[in-house]
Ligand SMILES: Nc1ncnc2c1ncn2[C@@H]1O[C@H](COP(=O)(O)OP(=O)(O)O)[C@@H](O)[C@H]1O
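So this first bit is one chain, no partners, the form predicted on its own, shown in structure tokens.
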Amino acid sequence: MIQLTEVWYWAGENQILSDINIHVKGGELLCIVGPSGAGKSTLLRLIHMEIFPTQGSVIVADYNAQMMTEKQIPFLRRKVGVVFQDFKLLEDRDVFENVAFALWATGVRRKKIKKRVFQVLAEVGLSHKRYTLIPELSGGEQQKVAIARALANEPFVLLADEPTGNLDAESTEEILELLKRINGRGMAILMTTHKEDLVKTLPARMLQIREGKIVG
């Protein structure tokens, strides 16, 4: 499903990643663990094709970074859901509108949007908050909205970049349980974290990254 083969990435004169080899199978839960600045977010950006490798191959399903065109990128991103540490929600909109925005942006019909938004909000346990403004939610609830938004277009893989980094212990446990349920239904998840102890609570394969290299 996802293959990074001998990937190197330079930002100007700074080497961010070196000789990265990662393969993710369908339905797999993979955690990449490392300190801040190790290159975890850069890996996810390569998979999402926000950036492209300086050297090596990045293949996501049928999309090859070496042959991508601008017209193809939106189609890839519909099938790759992304969740960020800082949520990246629209604070002047309510929960329903934040999730619906992901569907509006891809031209889904209004009738289908309403049905799909209700489905994913039920999946993350926020149906009762659908008309609540974002600033009125707790951090854990905001991350659940972000996950619902990432699931809206029915992606085949979910990229979660430090999804519990800004949460307290109780909310962290809730988000991890939610991710386990999502993965248990067959969706591949690639999660980054700097907390190795979190990974031990998950049925996950773990890779360790240090200074842009996979070390274990």
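Residue numbers run from 1 along the displayed sequence. Just so it is clear, the structure is predicted and the values come from calculations on it, not from any experiment.
One more form of this protein exists, namely the form predicted in complex with the named molecule; it is left out here, but the text below deals with it.
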| the named molecule isn't shown here, but in the predicted bound form which of 57, 153, 41, 166 has a heavy atom within 4.5 Å of it? | 41
| So which stretch, 181 to 189, 29 to 37, 145 to 153, 61 to 69, is the one near the named molecule in the predicted bound form (non-hydrogen atoms, 4.5 Å)? | 29 to 37
| query | in the predicted bound form, does residue 207 have a heavy atom within 4.5 Å of the named molecule? | reply | no
| message | Under a 4.5 Å heavy atom criterion, is residue 199 part of the interface with the named molecule in the predicted bound form? | response | no
| task | May I ask you to check whether residue 24 falls inside a 4.5 Å heavy atom distance of the named molecule in the predicted bound form? | result | no
| query | Using 4.5 Å between non-hydrogen atoms, is residue 20 touching the named molecule in the predicted bound form? | reply | no
| task | Sequence order please: the residues of 3 to 26 with a heavy atom within 4.5 Å of the named molecule in the predicted bound form. | result | 11, 14, 16
